[in-house]
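So this first bit is one chain, no partners, the form predicted on its own, shown in structure tokens.
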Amino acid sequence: MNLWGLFKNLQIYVKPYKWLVFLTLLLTLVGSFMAQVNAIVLDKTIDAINALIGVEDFAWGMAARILTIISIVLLGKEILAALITFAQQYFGERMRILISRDLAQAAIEKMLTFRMAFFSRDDNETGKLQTRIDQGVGSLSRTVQNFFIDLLPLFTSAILALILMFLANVYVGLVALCIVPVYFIITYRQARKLKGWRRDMRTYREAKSHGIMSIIESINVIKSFNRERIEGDKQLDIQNQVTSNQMQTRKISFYYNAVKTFVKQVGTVLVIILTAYLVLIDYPGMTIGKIMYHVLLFGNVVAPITQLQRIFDDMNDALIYAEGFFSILNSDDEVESSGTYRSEKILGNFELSHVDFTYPNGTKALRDVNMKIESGKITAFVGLSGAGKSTIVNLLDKFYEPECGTILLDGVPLQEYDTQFLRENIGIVLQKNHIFDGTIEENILYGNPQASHDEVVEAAKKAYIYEQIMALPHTFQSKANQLSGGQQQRIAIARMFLKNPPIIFLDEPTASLDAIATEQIKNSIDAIKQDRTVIIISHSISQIIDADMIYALKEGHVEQSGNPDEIYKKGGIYKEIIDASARSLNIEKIVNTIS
């Protein structure tokens, strides 16, 4: 991304605050004029004092009058400049903060529209996305700050100072003008030299952030296997790459900074020598006061130079991080597709014909899948891990779209359905459901934000979690993330009860529950199966044995289908799973124990 592309992308976020831009620009112009006052006053003062010194009858009254006027002008100017600087910085910082907020919110809202495939890519892992957004917002907001608070006032002041130098003496103005492009050329070469290193730094920072999050999420596994050293060494390798990159970046920066400092000092010396020479030869309009006048003005001309490298560093960071940040905001092709069809009532008749699907990472999940899921019946998917069971559920909920083949719901292609409407009519209970930071009631209300407290209580009772909630000190206002895994699962099931959809997907809903809780949840699920379409994925015999229809999958393909008795008698993968489950449960011994 170049500077034009950066400002083009930023303008829509700056536009709502054009009144702040106007105020900042106005204050910048006034402040730039104020910055030249010292040079003008000093020029007049030195010449006035010099004239007094040459008089035989030195007038202390006149000298006192000059000093008084100077003091009033300079102090008044400093007070006014302080007020202008405060207002300029306040309005500029206000604009930066507001734009920073808008950028962050825009990225969040945009990501919420993305299809699941976006989050499944290797370069879009959680830590990398977080770093991409955080660094992008930070660097872009600094760009706004640099332009309106730092760069614009400095360059406005520099241009005014340069104009005053030309008006006073063309030759001195030319000397000052010649120094500026030399410095810019050096700065430009420095920026190009550092660009590749800064882009590498972005990659390292994303990897570092993702690695830290991975450690936190996997800390139990790491400690249980005593693998702290291995994980530490992995992070050390990334840290060493970051350190090497930083050292190389600093080395290049320090070299170019030294060259630019030398150029700036050469310019100052040239101005002093030239103005002194012009005074000595009695050049018209050149006085002793003009020496200090030009030196101070040249200081204003080169003032941006002292800040330019920092601003260029920030600008280059912004260009690099803007690539990743605006790739999120401008990824219209990643936006989840949505049709417009809304039926009066969804029955829940699914039909899949010759469906293939491959995940973004290249994993082939489904191949030529054909099945019918009838409304009001229980359909179970069985198969070994990786057989494609959960992938089918993801397709039915439009989390992903098939590569080829068709999926119909009540005779209408699934892609034609309004996505939001479709998901309002589907309830999902996963093997591990996410519990949001908040109270138990807030988590259950996620199923229906408009539900009353009584409805929340009823949902909790149906999920057999009510008594345990009431035993907590703050009951429904207790923090949900303090519950056990099994309790959190029942909160998720209560959330589904509250939603009360006509279609229910159950993906290992009792995997993390004990035997008694499993029985309770099974009873609850049985109670809401009436007149609903239920799709269940489970390795539990009790969950699938009473299904109306079973599809046995193997390596992404439907191997067998039929009711439990029919498919078992056929032999094959379903019979193998049932027999293995019975052996693992030691069914014969259990039967003998309870008989």
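If you're wondering where the values come from, they're calculated on a predicted model, not measured in any experiment. One-based numbering along the sequence shown.
This next part talks about the form predicted in complex with ligand ADP, which is not shown.
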Counting only non-hydrogen atoms, the one stretch of 452-460, 279-287, 89-97, 381-389 within 4.5 angstroms of ligand ADP in the model of the complex is 381-389
Given that the partner is absent here, does residue 417 sit within 4.5 Å of ligand ADP in the model of the complex, heavy atoms only?
no
Report yes if any heavy atom of residue 365 sits within 4.5 Å of a heavy atom of ligand ADP in the model of the complex; otherwise report no.
yes
Although ligand ADP is absent from this view, report whether residue 240 comes within 4.5 Å of it in the model of the complex, heavy atoms only.
no
Does the 4.5 Å heavy atom contact test between residue 361 and ligand ADP in the model of the complex come out positive?
yes
Quick check on this chain: which one of 400, 497, 148, 183 has a heavy atom within 4.5 Å of ligand ADP in the model of the complex?
400
203, 520, 375, 120 - the one with a heavy atom within 4.5 Å of ligand ADP in the model of the complex:
120
